[in-house]
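Below: one protein chain in two forms, given as structure tokens, structure 1 then structure 2.
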Structure 1
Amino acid sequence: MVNGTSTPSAPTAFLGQPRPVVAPLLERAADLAIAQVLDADGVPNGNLAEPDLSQAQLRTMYETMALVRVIDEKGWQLQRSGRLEFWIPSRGQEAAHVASALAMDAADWIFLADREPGAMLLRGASLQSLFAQFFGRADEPLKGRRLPLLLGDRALNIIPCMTQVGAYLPHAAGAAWAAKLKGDKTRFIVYFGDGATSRGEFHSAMNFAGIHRPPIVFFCQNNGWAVSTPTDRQTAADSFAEKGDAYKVRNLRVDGNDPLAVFAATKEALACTDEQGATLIEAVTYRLGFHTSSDNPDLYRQPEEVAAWERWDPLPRMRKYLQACGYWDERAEAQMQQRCEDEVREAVTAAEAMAPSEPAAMFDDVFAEPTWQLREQRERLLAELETELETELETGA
């Protein structure tokens, strides 16, 4: 009480209501019909045969995964230090997109979601171009006009995603159908998360694919959480893969943290496109970090759950497999890590020094010829920016 008036109490911090710990589905892979080559220790004890990959291909797979993790760690540091506006971590999900992208041919088309930087690397994108996109620099394929990690490059046959989750799925199905109508042999893969299966666009794309059988792989990365919504709050189905049954779309589940299993499953799905059309792959994985840099996973999940999934981390599993094959050792690991860190550091320095995209550039390339509305909006933006600059100069702000 102050002078007879009650003093409002300090607000209680919201601590969230984390759900009870759910054991990793990969521990019951055989029972849940999840295709698997490697066990948690990197030993080929699964229900799927090892794919026929050369030593060079296996090393490329692992080294790309490792580079993606270094990129992710650096991106997180840059965002937390205020040098990047936003970040979408991919730690724990490297195998799912790297191995599946490696199974594609260079002429095939990729529709990205937002955790697949390895696909860009495998297609030949430079680290400098990736970080130029992260920093919003003008001299990158998308001209610095996208959020970080909404990557893409038409020259590499890679379509960037949009912020509306899963909204691009019908576009991917339609593009694949166009290829089929033209009679060429181009295949397609489209990445999306488990949360996208709750959107109408997913079901529209599945229905379309069941009817027209386009040459496409729908690659669902089931990381257990649609931001803060767990699987059991999102669907009553036993799996996301079985949703394809309703539309007569071939489907399967694979250990998304096992790069060998992902490669084999994707390669098989691509080989089936001529006769069976589309395949829906559910890659069972886990997001070890934050959903985005705006997220706090401690509000909805227990740290014990994350710790249980650490055992299934794809990088140690693949490293142990390579060591057992005689393709890797501690010296190679140390050299690779140093090389990745050096290359990323150089790319950051080069990209950060590049010119940023101009604000008015957001109106470019919307249409072949700008509409009067776009011209008007552009002029208004430039006038407002000029007024703000004059005010800053006058006030010394």
Structure 2
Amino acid sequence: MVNGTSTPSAPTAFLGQPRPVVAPLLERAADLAIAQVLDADGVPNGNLAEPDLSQAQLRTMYETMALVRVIDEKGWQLQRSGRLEFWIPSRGQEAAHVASALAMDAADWIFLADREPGAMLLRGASLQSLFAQFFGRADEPLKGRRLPLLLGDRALNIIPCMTQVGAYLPHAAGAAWAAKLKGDKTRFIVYFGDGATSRGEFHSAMNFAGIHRPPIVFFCQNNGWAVSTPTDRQTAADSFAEKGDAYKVRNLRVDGNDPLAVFAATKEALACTDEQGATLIEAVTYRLGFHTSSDNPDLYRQPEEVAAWERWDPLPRMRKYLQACGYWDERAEAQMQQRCEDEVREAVTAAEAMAPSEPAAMFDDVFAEPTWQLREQRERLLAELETELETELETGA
């Protein structure tokens, strides 16, 4: 099994009532007002105009998506072989985050969720620094304090998420509001999933945004499932986008597996921040993999549903489009795959060799200056470590 993709032959053992199979919404994109540039085979279908992107930009888009896929497969293997504690797959969601992040300027702020490593790559993060984060190494931007995939780096204007789903939406909106109050031109994007729209903070963020119009894109990756909870158990609404209506927040649905449509929608949202403030984008996508490495979707999801979504996999779709444009061929594909795999392998080796955090470093950064309590507790830990070391030396253990 590759990265949690259910194969049709996999035995299913539902622990409750099986969920009915839902056909991909993208098959009815026009009827459901889901903006789309490409059909399932990567051919422009006239629904939405192709965005103005250079050959170099289109290749960057595709190559970043492909690299994210390779990272994801490597991370999954590392987790399954016991070398990584945890993994959060991004398979199937590469287009949604790569294309939207590519639409942002380098000075714009990104608030990540947990399936968007491509945003870090687009801002110039090295593969080694990403794997250093996955391995929880001391010398990565966040000092190894987060679960794998909860990425960020101030140098890249990327803020890691609070893991409580959606709880950070008003942080992004508050930051955007602050930029507006200070008269800065910084713009913001915040990623979250369909489940986050049920949290109070989603509604707080929408409500404040409707009134104060911060320059932000609320980017909802509707991947069909919040762990085992499908859309119809998450909301009775016809879409997640329409939740913006009551708050007078501009909103739209876009094919999240169509990088050109995602790019166009994000650019348009950014273009109207001065007048409209926020836009809520619902990117309709699908989680082809497990929720996390601790999940097993065979217990709640039918293999036919996953197979139907494989047809909308954003990677082959984009590749076919590039080939039709004359920007890509089999040779370029083979070379890129080899390069991605080589670079990822090297990054894994380098990152794994890096040092983990010193235990006492956990006392740093609670406050700007530690309280006396933290200083004392740190001293106690250091004494404990010293005793351990002495015991080891004495017993030769």
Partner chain sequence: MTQMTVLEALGAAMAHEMARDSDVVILGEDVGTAGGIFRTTQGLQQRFGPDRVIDTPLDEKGIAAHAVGMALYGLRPIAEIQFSGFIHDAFEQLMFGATKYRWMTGGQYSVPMVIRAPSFGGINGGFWHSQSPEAYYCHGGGMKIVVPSTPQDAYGLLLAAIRDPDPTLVLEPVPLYRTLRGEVNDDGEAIGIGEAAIVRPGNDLTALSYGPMCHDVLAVAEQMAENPGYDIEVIDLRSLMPFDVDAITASVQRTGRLVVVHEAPLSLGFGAELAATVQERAFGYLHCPIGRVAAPDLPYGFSGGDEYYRPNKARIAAAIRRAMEFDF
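Counting starts at 1 with the first residue of structure 1 and goes up one by one along its sequence. Only the largest set of C-alpha atoms that superpose within 1.5 Å between the two forms is called the rigid core. What you are looking at is a predicted structure, and each value in this text was computed from that prediction instead of being measured.
The first of the two standalone chains is derived from the form predicted on its own. Comparing the chain between structure 1 and structure 2, the hinge between its two rigid parts falls at P356, out of the candidates P356, E27, N157, L150. When the larger part is held fixed by C-alpha superposition, the smaller rigid part is turned by 17 degrees between structure 1 and structure 2. After superposing on the rigid core, the C-alpha of T391 is displaced by 8.2 Å between structure 1 and structure 2. For T371, the Cα shift between structure 1 and structure 2 is 2.4 Å when the rigid core is held fixed in the overlay.
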